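Below sits a lone chain in structure tokens, taken as the form predicted alone.
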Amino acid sequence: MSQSNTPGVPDVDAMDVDRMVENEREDPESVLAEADHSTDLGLAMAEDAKRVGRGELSSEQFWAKYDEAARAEFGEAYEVTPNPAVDSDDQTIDEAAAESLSCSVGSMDSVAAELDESEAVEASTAAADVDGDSDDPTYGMVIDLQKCVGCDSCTVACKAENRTPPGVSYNVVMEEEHGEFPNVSRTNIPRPCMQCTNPPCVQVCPVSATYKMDNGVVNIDYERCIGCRYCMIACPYGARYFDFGESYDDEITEADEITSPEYGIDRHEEGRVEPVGNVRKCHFCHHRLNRGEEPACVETCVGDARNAGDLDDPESDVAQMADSDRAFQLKEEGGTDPNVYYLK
């Protein structure tokens, strides 16, 4: 039986959704023009990082191509970390290739291990699964576009939960109207981070500041991030933002006094400046996942349009919805294989 649409909700075409996402993205050159590093290098690396995801280029070929330029541009910050590889199980290029380049030799686990011991535990594991008990969940999200009413409660809940500054919104709802009054319909597309299986943002990072955790969430190590913003333009979904250090403190009394942990780590403690000067993004409210809770956007959705859980558990609601005939991913042809699915 075909899915009957709610009145006022149009048939959803994946190509139209992809167009809406592309229109929402910032202009890549404008993003990099405000950074301290080479715009031309960033544009080239971002495009080739996407090619790696599509299988048109291997990670070893990618870094062989950009090794000399990356070393010249980023210096020691580039040399002391292994080169990321989204097409490898350990997320770094093979040892033979690494030894021929300027990067260090090692796995992404070695990068994570450089965090403080307590931070490494939080950053590499998840204590609980919102759908049940699972040792190695792969967190995903399914968003039913027939149920989304465009109320933006998810956006507000995300801002309140994660205390993001002006200009940084981990979750946005793209909207588009169709027709003329009184025959009007609206398409609402919520867009968190896609937590991709093959993330171009990971591939392009010259200092290995962003990588996938075992639970499927893509992490950003603010202490390692140098703010080059190459990952921002490599993201096909426009889901990354730069923290310029702005604040709501002038509008809301003591707005900066209440903070929220990022990736389960309180990075706002005295003496720390990050994430100001870093790139930021949605992390499925990782601190809430660690407590066995749903992301704030899921818990707050008034239309029950958002669902989160373990995609590896075939009995979970999200796994079954992601496997339904109605399910699709944004920009499927890009090879990123997002862990966020939409229902038509």
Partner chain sequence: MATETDTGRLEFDTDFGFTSDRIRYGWYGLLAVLLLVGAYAVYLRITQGMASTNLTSTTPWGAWVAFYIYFVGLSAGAFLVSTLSNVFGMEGMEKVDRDALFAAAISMAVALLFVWIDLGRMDRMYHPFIWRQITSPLMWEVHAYVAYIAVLVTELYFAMRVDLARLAARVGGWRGTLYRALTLGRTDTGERARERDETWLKRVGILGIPLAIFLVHGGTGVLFAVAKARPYWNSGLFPIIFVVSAIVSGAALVMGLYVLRSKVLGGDLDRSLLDRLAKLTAAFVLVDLAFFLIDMLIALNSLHPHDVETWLLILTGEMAWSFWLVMAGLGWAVPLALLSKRSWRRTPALMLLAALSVVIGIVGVRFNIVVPPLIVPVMEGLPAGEYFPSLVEWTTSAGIVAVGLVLYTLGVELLPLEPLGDDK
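Since this is a predicted model, take the numbers as computed values, not measurements. Positions refer to the first chain, counted from 1. Under this definition, the rigid core comprises the largest set of C-alpha atoms superposing within 1.5 Å between the forms.
Another form, the form predicted together with the partner chain, is not on view; read the next lines as being about it.
Of the candidate stretches 157 to 165, 144 to 152, 207 to 215, 67 to 75, only 207 to 215 contains residues with a heavy atom within 4.5 Å of the partner chain in the predicted bound form. For the chain shown alone, Val276 is a contact residue for the partner chain in the predicted bound form, at least one non-hydrogen atom being within 4.5 angstroms. Among residues of the shown chain, Tyr248 is not one whose heavy atoms approach the partner chain to within 4.5 Å in the predicted bound form. For the chain shown alone, Pro236 is a contact residue for the partner chain in the predicted bound form, at least one non-hydrogen atom being within 4.5 angstroms.
Looking at Asp136, you'd find every heavy atom of it more than 4.5 angstroms from the partner chain in the predicted bound form. Along 213 to 248, a non-hydrogen atom within 4.5 Å of the partner chain in the predicted bound form is carried by Tyr222, Glu223, Arg224, Cys225, Ile226, Gly227, Cys228, Arg229, Tyr230, Met232, Ile233, Ala234, Cys235, Pro236, Tyr237, Gly238, Arg240, Tyr241, Phe242, Phe244, in order along the sequence. Once both forms are fitted on their rigid core, the CA atom of Gly179 lies 2 Å or more apart between the shown form and the other one.
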